[in-house]
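Provided below as structure tokens are two forms of one protein chain, presented individually as structure 1 and structure 2.
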Structure 1
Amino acid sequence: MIRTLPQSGLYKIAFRFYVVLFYIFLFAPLIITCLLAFNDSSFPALPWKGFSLDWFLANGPDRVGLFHDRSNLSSIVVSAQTAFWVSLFSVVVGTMGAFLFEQEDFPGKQGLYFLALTPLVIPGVILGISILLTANSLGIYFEDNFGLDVPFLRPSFWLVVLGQFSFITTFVLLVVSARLKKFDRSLEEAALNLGASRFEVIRYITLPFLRPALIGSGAVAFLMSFENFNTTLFLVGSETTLPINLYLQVRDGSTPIINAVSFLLIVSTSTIALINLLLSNRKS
């Protein structure tokens, strides 16, 4: 049944066959997507017409490659900016939350902790529409009462940042809390005892200890934000993020330029993920 117990030949072969199929199933769409980014064809489909970098480099008139495609390039920049701010805010607030729930005591702590976990089980679409509704109502309120026009209360870059922040923070909170649980509180007391202020204790003792978790959760927050679709869909303004932009293109027909973007995404996210994994493996 397991590796230490005797297993029949059929059991082993059937199991291995299933797992191989599973991994093919897992990778087939990604590999095909990447391959077709280099097909010298106007459609992301077979037959193979030869290797070409057109979908990256071409600059008209028949084909426009990714690196000359304004709309895709700018959506990549928007996504990167969004992901930067989201991961920054969520790491800061998520870490504060971890300190709050792991190290402080106050009435209503259990309830607040429960509330802090809920964003993970609220469908992203719902988060998106409720934040949209609230921002909109606030906007109307400001306009009616003060004659103020607050641009970021309409679907916009910062509204997207807020929407993604609202649930990615929970993720950071969980990761940092898990690490903080392993922290020996007597190290903090020792530092206090040696004359450090509460701030210095956090700066020199606790944060260095949390560093792997902060970097790890920051990287994951970046990726989660970079590829978020559901929440963003309702909050996005004129500056579209990459997933939204890709969605619009896929919905309205497709060119291999989508494959080119996908290829870059696959390569770069795999690289970040691998580096992250290697770093965390080396630490532990």
Structure 2
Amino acid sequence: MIRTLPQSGLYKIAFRFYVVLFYIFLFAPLIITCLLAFNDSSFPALPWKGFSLDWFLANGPDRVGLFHDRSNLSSIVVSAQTAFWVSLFSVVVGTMGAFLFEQEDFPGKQGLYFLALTPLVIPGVILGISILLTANSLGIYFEDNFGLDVPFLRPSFWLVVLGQFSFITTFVLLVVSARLKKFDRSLEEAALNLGASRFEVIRYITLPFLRPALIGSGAVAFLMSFENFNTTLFLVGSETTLPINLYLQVRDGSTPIINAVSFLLIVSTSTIALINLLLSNRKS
């Protein structure tokens, strides 16, 4: 839309109507889910039967609220632990990869960069199946030839971490690389000329410059890992993550406790985003 051109009244009405519909489409499902978390009904759907906190606090034989549901609470903890390790490994390896690809041309640089981006275009289902088959094949090989039982090569917590790490690292690599391209190399050269070691230059000059990209990519990596479903579905073991646990509950028929979980996630992520926005405005 070119704002300098004259606009008819009908066009303005249609444009505003479109904007309203767009945001209704985005937020209506979230609002309904949050409201149903307080619905005094045994089914996670309409109609509305009154306000209730049972799906958060109840601990009786008929209803068990979220704060007394060990299955959902443990899955939240597992998702948080998985996201922590995935984001940590992704930021470290992604940053190292960004440093590598910012070096002068070396043999095979373009090919390696293309391979580094490949996990982003591979469907998560294919990636999860591929990692699972590879791990199972290696596990069978070690067991048949060396008599070794490697728990890591079976569906487990660390196999989920590996599967998510394999594609989330690429995102961190892109974000840090974009930030690194704006770095003024003369700052490093000045520090080296003044007697600083290469490690001191990276610690006191380069990394502080990359701090916004590291924090931002780490936060997004955490969220991507926390909500990942496609890849995790094939690699998860007895310790299920929250998305897998919610899927199993919906498949088998669940109570409105899934709405309570969704409500807490929506509120927590919105609060974090709001705090980040306020801090950014204050710094500005």
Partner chain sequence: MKNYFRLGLLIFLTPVLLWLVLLIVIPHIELLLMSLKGTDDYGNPAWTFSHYATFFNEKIYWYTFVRTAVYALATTFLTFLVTFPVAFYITKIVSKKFTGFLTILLLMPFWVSELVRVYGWMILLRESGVINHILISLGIINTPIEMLYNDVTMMMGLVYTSMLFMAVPLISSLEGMDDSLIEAAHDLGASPPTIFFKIIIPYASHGITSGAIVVFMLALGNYLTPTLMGGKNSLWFTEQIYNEFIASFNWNQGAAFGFLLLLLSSFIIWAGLKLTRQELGRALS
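Only the largest set of C-alpha atoms that superpose within 1.5 Å between the two forms is called the rigid core. Please note that residue numbering is based on structure 1, beginning with 1 at the start of its sequence. Being a predicted model, the structure only gives us computed values, none of them experimental.
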Subject >> Chain form predicted alone: structure number out of two >> reply: 2
Original post:
If you line up the core, does W48 shift 2 angstroms or more at its C-alpha between structures 1 and 2?
Top reply: yes
